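Take a look at this single chain, the form predicted on its own, given in structure tokens.
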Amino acid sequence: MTGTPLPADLPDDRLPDVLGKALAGLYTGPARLPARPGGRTEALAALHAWTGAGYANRNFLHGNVSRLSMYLRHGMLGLREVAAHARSVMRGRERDEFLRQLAWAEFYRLVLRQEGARVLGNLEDPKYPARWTPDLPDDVRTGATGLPCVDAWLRHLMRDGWMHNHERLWFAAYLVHWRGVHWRAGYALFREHLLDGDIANNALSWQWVASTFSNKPYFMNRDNIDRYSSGRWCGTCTAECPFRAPYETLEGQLFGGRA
């Protein structure tokens, strides 16, 4: 920023142009407002509107997830106040699971505090003979892989700056294990587009998939995608599906049976 304050009466529809010029060179693509508005007021409104009803189905793409991560990422909400709200409005296993997710976020922050910039490199050796290339392939960057599900995940990322957690895991596994791309390239892509892409959660989640911060690599198959997307892509897909096989078969193909 130039240090010149924004006019207090600047209308929202002019923000992309004004901020885009002030931040030129620091972002890619057209300057635009995010799909969800930012700020403490909007964050509190989103928090108070969150009841957690249906959170038990959070692993399904249609599941009721809070989408508060953007506000947590930018300090508009704190973990403790989100936890306090959850304790007041949620009950039983749904509350416990939601609090567990907050605990993961806090754990990742503590790991970042302890390890510092080391989280941007492999914290451990991968648990299989990985041979990763460093660069993001062009078809991935442009969302033109030819796989309807993967391209939909990428459109979601680039259009909305947000992905469901299962979409993140699926895409990370696809990029690292099927395409053989180093997790750092995916980390950089997420940092570029995700509104909630903080260093700790982003880097350590990629390492969890890659098995450099876990005891085995994460991967999925077609049945898993079909189930948790409620048949969104697989039923009509005519692409040569790399995920169509039992887990045991994919494990052997991807990891030599060492996962």
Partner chain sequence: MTGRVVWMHGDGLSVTDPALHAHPDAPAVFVFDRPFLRGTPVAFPRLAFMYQGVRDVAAHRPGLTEVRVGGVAEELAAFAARHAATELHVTRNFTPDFARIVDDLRAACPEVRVVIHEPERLTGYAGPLRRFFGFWKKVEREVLHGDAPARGHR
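Residue numbers count along the first chain shown, from 1. Throughout, rigid core stands for the largest set of C-alpha atoms superposing within 1.5 Å between the two forms. This one's a predicted model, so the numbers in the text were calculated from it and none came from an experiment.
If you look for the form predicted together with the partner chain, you will not find it shown, but the lines that follow are about it.
> Looking at Val89, Leu147, Ala83, Ala130, which is the one with a non-hydrogen atom within 4.5 Å of the partner chain in the model of the complex?
Checking each option against the partner chain in the model of the complex, the one that comes within 4.5 Å is Ala83.
> Heavy atoms within 4.5 Å of the partner chain in the model of the complex: which of the stretches 166 to 174, 131 to 139, 97 to 105, 148 to 156 has them?
Result for this chain: 97 to 105.
> Might Val181 be said to contact the partner chain in the model of the complex, defining contact as any heavy atom within 4.5 Å?
Val181: no contact with the partner chain in the model of the complex.
> Does the partner chain get within 4.5 angstroms of any non-hydrogen atom of Trp233 in the model of the complex?
Heavy-atom contact with the partner chain at 4.5 Å: absent for Trp233.
> Within 4.5 Å, heavy atoms only: does Gly75 come near the partner chain in the model of the complex?
Gly75: contacts the partner chain in the model of the complex.
> Just checking whether Ser214 would be counted as a contact of the partner chain in the model of the complex - the rule being heavy atoms within 4.5 angstroms.
Although the partner chain is absent here, Ser214 would touch it in the model of the complex, with heavy atoms inside 4.5 Å.
> Relative to the partner chain in the model of the complex, which residues of 8 to 46 have a heavy atom no more than 4.5 Å away?
Contacting residues: Ala8, Asp9, Leu10, Pro11, Asp12, Leu15, Pro16, Leu19, Gly20, Ala22, Leu23, Leu26, Tyr27, Thr28, Pro30, Ala31, Arg32, Leu33, Pro34, Arg36, Pro37, Gly38, Gly39, Arg40, Thr41.
> State yes or no: after fitting on the rigid core, is the Cα displacement of Asp9 between this form and the one not shown at least 2 Å?
Yes.
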